[in-house]
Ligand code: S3P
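Starting off, we have a lone chain in the form predicted on its own, written out as structure tokens.
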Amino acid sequence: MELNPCRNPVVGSMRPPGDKSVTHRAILFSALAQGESAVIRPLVAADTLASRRLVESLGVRVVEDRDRWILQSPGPGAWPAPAGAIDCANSGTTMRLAMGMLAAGPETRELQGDPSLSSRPMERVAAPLRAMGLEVQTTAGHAPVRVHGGPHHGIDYLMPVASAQVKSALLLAAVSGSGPTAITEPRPTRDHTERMLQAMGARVECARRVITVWPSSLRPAVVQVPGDPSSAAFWAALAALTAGSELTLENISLSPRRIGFYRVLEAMGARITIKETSAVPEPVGDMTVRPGLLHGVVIAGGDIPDMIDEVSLAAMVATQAQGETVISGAEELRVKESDRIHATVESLRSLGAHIEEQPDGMVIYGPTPLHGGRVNASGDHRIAMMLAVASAVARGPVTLDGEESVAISYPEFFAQYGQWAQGRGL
């Protein structure tokens, strides 16, 4: 698709799509709780639909009622026998969390994915699950993965890599095991799993970087899904880069573990105000973004988990900021839907950015005028949306290949982007 430069201010209010992380967990956790759960304003996208198909294969009946999904689960003791491999498509969250969740059932189930997902590391989940006494097989460390549920026990586990998906898989396995499980994180990561398990009746204790969970029988829950700060970040970046903008993101998740990009954007010089409207089970509220004089910053390893999906976008914004921006400690980006470090550097460099690739990050020198050209999303939804933002500030048209990848997390993105580009608001 061809995208033309656009300097329309981003003005007004919008409610971003439902949070992908919360939607995934609300769907998946419902299978562990016998009875009727509800997910209000779920994100309907390729990734979350993979989680829905997975729980339906476990006997969960899903009924759509306007802006909510009603999920009726028979509970783990009544999950039907497997009818073939479960297709997780491109969703790493679906596959990794399911590896822990399936510990609750007595059957062997196989999880498979598309070529992109099948290239992502799964031993980081399988190895600690084996330490809990479960039988888990990977295919040379990747998918397809086979999980045999059954009796298992708690462990004390020091995570070598900060990963909310790995942590969540182990917490889910611990709920159906025997004895407590204590997980120590090298750095804090998204805590949606801990909060949701507590809301569903599990005993969970969090002390600094140690999360301890005890075996529990989960009860059904009604989950209100807030707006997704990762999806909203692309509009926030446009607002920060465009004179005259004033964008309010309504009913957005304000979890400290999710808004690292906004802290970086503010540190770069954008003006951001936050109004919290709810704190339970996690903080939600409104955020207003206005432009400012942007300058380079240092984004280090401790910042990365809180903005893991927005690092590429931060690099793009840095191309328009005064001075040097250094991003380090982001090696986990090498094993996302694409090698996001390489994809970011190569695509932005092809548009004229002065950017250098590092083993664990990148260095960006700005401000650099971007020009038009042809770029590829590398099959990665976050790269596709980042390049749409880049095209808006470029000095010539940008041809983007692979734009269809946005269906993974934000199917309406380009429709809304086109509406904004035509001056019709959001």
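Not measured: the values here are computed from a predicted model. The first residue of the shown sequence is 1; numbering continues from there.
Unshown form predicted in complex with shikimate-3-phosphate; subsequent notes refer to it.
- In terms of contact with shikimate-3-phosphate in the predicted complex, the residue from S163, T181, S231, S347 that brings a heavy atom within 4.5 Å is S163.
- With the partner omitted from this view, the residue of I355, M200, M287, I308 that lies near shikimate-3-phosphate in the predicted complex is I308 [heavy atom within 4.5 Å].
- Although the partner is absent here, K336 is a contact residue: one of its heavy atoms lies within 4.5 angstroms of shikimate-3-phosphate in the predicted complex.
- The shortest heavy atom separation between S73 and shikimate-3-phosphate in the predicted complex exceeds 4.5 Å.
- Residue contact with shikimate-3-phosphate in the predicted complex: R109 places no heavy atom within 4.5 Å of it.
- Taking non-hydrogen atoms only, S176 never approaches shikimate-3-phosphate to within 4.5 angstroms in the predicted complex.
- Across the options 218-226, 242-250, 134-142, 90-98, residues that bring heavy atoms within 4.5 Å of shikimate-3-phosphate in the predicted complex belong to 90-98.
- Contacts with shikimate-3-phosphate in the predicted complex, taken as any heavy atom within 4.5 Å, map within 10-38 to K20, S21, R25.
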